[in-house]
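The chain below stands alone and is given in structure tokens; this is the form predicted alone.
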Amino acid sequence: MTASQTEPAPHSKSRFSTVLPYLLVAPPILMVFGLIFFPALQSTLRTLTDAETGAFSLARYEMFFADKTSVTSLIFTIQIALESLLGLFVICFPLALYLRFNTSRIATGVQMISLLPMFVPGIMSAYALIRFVRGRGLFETLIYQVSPLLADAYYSPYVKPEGIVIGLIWEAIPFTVLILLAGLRQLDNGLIESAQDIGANRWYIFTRIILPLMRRSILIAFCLNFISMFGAYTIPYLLGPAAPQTMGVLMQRTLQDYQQPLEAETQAVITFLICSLVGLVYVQSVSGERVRKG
């Protein structure tokens, strides 16, 4: 038997190596398309079609923006998401900085505590927060032990917008700390040490070195948390007020309580479009970083 008969042709190897990556990524792509993009496209087309004539129509979206309750819910959801993100970064950025530049056992314990909400189901967190912050709850009881006057002045965030913000921040702390900490660990210690050698103070190092290099990690944490908070349902439903409502709660009540599936679908499409715009920012950030490295 000759060598030409035993060895496969070079062009067949190259052809297989070219097709193999596409075969590997095909199942997840088809699953994402079948479970997310195709249903979203169907919903969008239904909301843009007149039920009687089948013609193109923006009537449902005009009704949404003409309805004061719907517009108020949309604005309220955006406000809640932005306020939660602001509070989240105020808490998580100093925490991530501490964990990055501190290697003590205390720092290890702090990191374990910061990751604790990741392992607690959302509904359990919601009920725990209700027991903790409601009127006559654990927090007010502890305040009363210190000073009855302070307990009388206690403002419970339960069934108020502040309750939603607290719940969303609690749920997002582990994920945000991990993203920011991963970005901080990519910083070269030599840059910080060099700045310290020439007399730069901590504020200068933070604003001129750390923040610019952390821009991508901050953007990723912002985008992913905004999408999660904007579409949240459990925390706003259990901790939030009856009115105004977030978009997730509004959709559920429109569908189940008012039996208006097309109106609920319109609300879902608007929510999906807003989250998609934020998602595009995230995709561009990740793609741009890969292009620069490539």
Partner chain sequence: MSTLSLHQIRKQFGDVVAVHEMNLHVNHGEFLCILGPSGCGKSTALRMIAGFEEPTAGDIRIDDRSIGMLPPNKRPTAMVFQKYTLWPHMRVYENIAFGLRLHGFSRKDIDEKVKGALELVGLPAYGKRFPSQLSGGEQQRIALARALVLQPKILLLDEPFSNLDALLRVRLREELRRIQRQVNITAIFVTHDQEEALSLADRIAVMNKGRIEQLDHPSRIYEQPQTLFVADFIGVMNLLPAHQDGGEIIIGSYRMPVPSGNEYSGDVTLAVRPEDLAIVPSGSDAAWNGQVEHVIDLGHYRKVLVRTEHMGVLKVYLPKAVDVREATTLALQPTRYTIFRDHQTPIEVHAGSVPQLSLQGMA
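Residue numbers count along the first chain shown, from 1. Everything quoted here is computed from the prediction, not taken from an experiment.
Not pictured, yet referred to below: the form predicted in complex with the partner chain.
If you check the partner chain in the predicted complex, you find no heavy atom from any of 42, 48 and 50 within 4.5 Å. This chain lacks the partner; the member of 195, 97, 179, 91 within 4.5 angstroms of the partner chain in the predicted complex by a non-hydrogen atom is 195. In terms of contact with the partner chain in the predicted complex, the residue from 107, 213, 150, 142 that brings a heavy atom within 4.5 Å is 213.
The stretch from 183 to 191, 163 to 171, 114 to 122, 142 to 150 that comes within 4.5 Å of the partner chain in the predicted complex, counting heavy atoms only, is 183 to 191. Using a 4.5 Å cutoff between non-hydrogen atoms, residue 101 does not count as a contact of the partner chain in the predicted complex. When contacts are judged by a 4.5 Å heavy atom cut-off, residue 208 counts as touching the partner chain in the predicted complex. In the predicted complex, residue 138 stays away from the partner chain, with no heavy atom inside 4.5 Å. Using a 4.5 angstroms limit between non-hydrogen atoms, residue 128 is distant from the partner chain in the predicted complex.
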